[in-house]
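Shown here is one chain on its own, the form predicted on its own, set out as structure tokens.
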């Protein structure tokens, strides 16, 4: 079978870890695309964005983002200017995908992730190892979910959020768009958009500053 040619963007930690999630029986890795001309690798070829438009048969996995830049993921991925059909989704063979789960385009699902019945993962989402998304929960587009996160049933996580590793989110609530949930936080009630939640139980740093509690 003729293998599909694949480019990963950018050359970052998520991109390198994605290699463990890709079937090389199906894909041939051409290399990485990165905007930083100083990045080098002895192991992989690194290209500019020009290759995406010069060779339109290339498939793409785009996994930018960090706690510092997660709110810009939509802008960064959109700026690649490629059709949605060219994106792939990479799911590690040791991830568990339950009944009637929906996973969108350009998603990265790492080892040990569990998505249970009727969960929805929208386009452009990264879920790091050993996180559990329970039944009927929704993870919005462009969101990053760290490792060892538990999102209980019926919860909705908005677009362009960052859920820090070790976080626990109670069932049946919502996390507003562009929210940052700090490492190891316990979320026990719904969170408004653009929140910065930390602690156990988690509190919004924005609100604490406004109230001059900090």
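Values in this document were obtained by computation on a predicted structure and should not be read as measured data. Numbering follows the first chain given and starts at 1.
There is also a form predicted in complex with a small molecule; it is not shown, and the following applies to it.
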* Just one stretch in 150-158, 37-45, 56-64, 163-171 has heavy atoms within 4.5 Å of the small molecule in the predicted complex, so which one is it? -> 163-171
* Asked: Any of the heavy atoms of residue 128 lying within 4.5 Å of the small molecule in the predicted complex?
  -> yes
* Looking in the predicted complex, any heavy atom of residue 193 within 4.5 Å of the small molecule? -> no
* residue 33: heavy atom within 4.5 Å of the small molecule in the predicted complex? -> no
* Even though the small molecule is not shown here, does residue 51 get within 4.5 Å of it in the predicted complex, heavy atoms only? -> no
